[in-house]
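The chain below stands alone and is given as structure tokens, in the form predicted on its own.
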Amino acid sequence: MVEAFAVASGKGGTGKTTSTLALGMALSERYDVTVIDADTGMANLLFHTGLDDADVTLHDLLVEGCDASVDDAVYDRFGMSVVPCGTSLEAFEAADPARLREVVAELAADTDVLLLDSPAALGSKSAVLPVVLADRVVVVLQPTVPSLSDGLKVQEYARSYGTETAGVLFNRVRDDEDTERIAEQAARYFGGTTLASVPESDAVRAARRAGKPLLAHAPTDPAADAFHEAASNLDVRDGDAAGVADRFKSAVLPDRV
């Protein structure tokens, strides 16, 4: 089985990378999970996983003629297979985002769940490609009307390419926010379910400084509990690995953004 989820938000600052890794760690208790930093322009997953000195990253795999294999860019971290992306502007400019199709297709052959940490904004073909390639999208929101609006743009774009919404994850929720009202609006406009509401937590920032995912750094924190709840509410569907790989390889690049 394999299912690919794009984790997206439509804007920065929602805690998308933190959410991707937290979901990945929680899901890894039941599935083989591969996490890919598909934000080739503003990558930071490597800093959350202690891989800032990784020898080979996704950038290398996206450069034509590179001798590195996909396996060279896969690192066993915190119970997951992690594919970090580099932060070099030169490497970003040399990378061909279309090659992501072949990389993901190869990874799909040896995992149960693929999580694509997607770029914050849908401003380029490389930014929208993870949403186009995925089976479904997990939309990470803060409980505000502007964040809801940004997330709806992600959903609208994803649906235009046949990618449905797996659920909405409210993150960085503060006690003084009217989460219930926003959640009611989200239930009307978004597909899928509300996976969980994750409270704002100092432990998230501490985990980032330590170079660890939240669930590894502070497994008993209330935010960690909420991410476990979200993973439990995410219905992972069976998929044929060969069929998924073929779909990725033959995916048509978006001609509009």
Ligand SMILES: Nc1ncnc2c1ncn2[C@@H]1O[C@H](COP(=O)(O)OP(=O)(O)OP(=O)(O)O)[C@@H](O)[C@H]1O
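Counting begins at 1, following the sequence as shown. This one's a predicted model, so the numbers in the text were calculated from it and none came from an experiment.
As for the form predicted in complex with the ligand, it is not shown, yet the points below apply to it.
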{"item": "The ligand in the predicted bound form reached by all of T17, D39 and E200, non-hydrogen atom within 4.5 Å", "value": "yes"}
{"item": "Answer range among 51-59, 64-72, 192-200, 27-35 for contact with the ligand, defined in the predicted bound form as heavy atoms within 4.5 Å", "value": "192-200"}
{"item": "R172 within 4.5 Å of the ligand in the predicted bound form, heavy atoms", "value": "yes"}
{"item": "Contact test in the predicted bound form: N44 vs the ligand, heavy atoms, 4.5 Å", "value": "yes"}
{"item": "is_contact(A105, the ligand) in the predicted bound form, heavy atom dist at most 4.5 Å", "value": "no"}
{"item": "Partner contact for M80 in the predicted bound form: the ligand, 4.5 angstroms, heavy atom", "value": "no"}
{"item": "Interface residue in the predicted bound form among A91, V132, L148, A120, criterion: non-hydrogen atom within 4.5 angstroms of the ligand", "value": "A120"}
